[in-house]
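Before any questions on binding or motion, here is one chain by itself as structure tokens, the form predicted alone.
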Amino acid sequence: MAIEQDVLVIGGGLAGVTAAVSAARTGADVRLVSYKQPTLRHASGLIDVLGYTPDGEGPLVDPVAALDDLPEGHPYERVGEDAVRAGLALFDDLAGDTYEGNHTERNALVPTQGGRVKPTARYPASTAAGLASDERDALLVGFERLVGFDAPLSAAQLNAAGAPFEARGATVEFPVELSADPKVTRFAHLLDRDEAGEESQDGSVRRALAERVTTHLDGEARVGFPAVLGDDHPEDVRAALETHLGVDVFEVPMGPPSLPGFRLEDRLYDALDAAGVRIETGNPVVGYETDGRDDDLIEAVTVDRNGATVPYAAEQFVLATGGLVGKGIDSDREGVAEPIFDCHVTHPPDRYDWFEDDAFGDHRFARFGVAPDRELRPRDARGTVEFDNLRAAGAVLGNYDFAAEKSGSGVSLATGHEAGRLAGDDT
């Protein structure tokens, strides 16, 4: 017997969560199924809308103003400016005061771990004091055993890039004895608990860390740390360091695994619970069923649960399984495919045309994905809608290069919101 709901969302990343909440807000009964851990924890936690045009122009000051010039077939062109604004508004509602940037449509410039400056539309409150538009000098601090952040190198890169402030870098020993290559969560949990710091008279890890950083301060008005300042209590950790140091403190976004990503994931999954969305993780969707009379309508998907396939029926389905990295789009020597519904993915037949010899060239594989109509229903090679009750959102969509454009989060929010709203309205 099939498990039934009005809307079934497949995928637990930003697009899937957005689609599920959006559908639930229409009054629909929604279930989200996800096989793997959400990709949010591997992302920087920054919410990009559009940092560069497809031609590489940028960084863009106003991402919304550039939407009209995007080529036909781009996900933003499919859903339109209103959907972009609606997706951002939904994110602002879910993120609350943990994120900033909604006071303007202009991109903020956020320094990252490599000393680069990234244009982004929304950013964690923990990074706000570190914006590159701020002309106050900054001290960047790294930890001896945290290999993912070289503070002196990052500072040097920022200075070389012409940041409007002077950056210096220093590396300190974390005030708790650690293994040679500790996980980033180890630093965060020690700062959360704020105990066992033998270097400080009151046993506070936060105070002991501040004492070590103070010796490196030379008039800077702000201090940047790698983004490991707490997992459960990041606001308390940052506030304590600001009190002890007497300057503003900010986090520098890092690569995976990402504490800001973990925090955002927790926030969004709490929002799913609050919206009444039922969540299932750990079991893959392996196929689909039609009723045999109308192959344009999906009746159910089949989920592999410990070797047994279980049907999950719904009136509407949203595909938000990710792109090539997330295995929402698959490839082998025979070609490129969407593995659950076998939706069409346009690609050159010759595999050598999928990429360029130049490592930073215009690689076609970066734009592989399904091509939807304006209601986000995947279309076949002739442009015909494949299933009337299936919509796609996020990185499973094609015709854009989210890494080059810095548009991944924005596309997930805009298309996720639109796919969820349309699916909910059609139930």
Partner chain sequence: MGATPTVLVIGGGSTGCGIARDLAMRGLSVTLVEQGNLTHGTTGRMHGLLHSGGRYAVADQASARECIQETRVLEDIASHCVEETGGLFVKRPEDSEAYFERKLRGCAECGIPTEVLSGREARQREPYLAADVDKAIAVPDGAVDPFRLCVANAASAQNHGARIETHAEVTDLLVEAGEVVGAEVTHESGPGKRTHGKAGTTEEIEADHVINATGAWAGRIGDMAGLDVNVRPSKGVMTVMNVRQVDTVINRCIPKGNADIVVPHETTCILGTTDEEVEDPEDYPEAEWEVDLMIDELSKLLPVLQEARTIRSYWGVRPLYEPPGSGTADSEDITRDFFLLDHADRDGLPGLTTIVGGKFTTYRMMAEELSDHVCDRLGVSAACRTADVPLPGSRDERVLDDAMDEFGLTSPVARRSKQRLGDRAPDVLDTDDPNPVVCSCEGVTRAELQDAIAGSGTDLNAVRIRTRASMGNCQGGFCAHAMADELHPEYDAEQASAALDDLYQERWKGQRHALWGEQLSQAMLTYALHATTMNRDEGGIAADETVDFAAFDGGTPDGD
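Numbering follows the first chain given and starts at 1. Only a predicted model underlies this, so the values are computations on that prediction, with no experimental measurement involved.
One more form of this protein, predicted together with its partner chain, exists but is not displayed; see below.
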Problem - 4.5 Å heavy atom contact, H216 and its partner chain in the model of the complex - result: no
Handout entry: 4.5 Å heavy atom contact, T112 and its partner chain in the model of the complex
Key = yes
Practice task
Report whether the minimum heavy atom distance between G383 and its partner chain in the model of the complex is within 4.5 Å.
Solution key: no
Exercise for the section: Examine D150 and determine whether its closest non-hydrogen atom to its partner chain in the model of the complex is within 4.5 angstroms. Expected result: yes
Problem - The single option of R238, R263, H244, R168 touching its partner chain in the model of the complex, heavy atom within 4.5 Å - result: R238
Completion exercise
Exactly one of V303, V117, A95, A208 comes within 4.5 Å of its partner chain in the model of the complex through a heavy atom, and that residue is V117
Exercise for the section: Tell me the stretch among 24 to 32, 65 to 73, 383 to 391, 43 to 51 that has any heavy atom within 4.5 angstroms of its partner chain in the model of the complex. Expected result: 43 to 51
Handout entry: Site test, L60, G255 and E356 vs its partner chain in the model of the complex, non-hydrogen atom cutoff 4.5 Å
Key = yes
Practice task
Taking only heavy atoms into account, state which residues of 158 to 174 are within 4.5 Å of its partner chain in the model of the complex, ordered by sequence.
Solution key: A160, A161, G162, A163, P164, E173
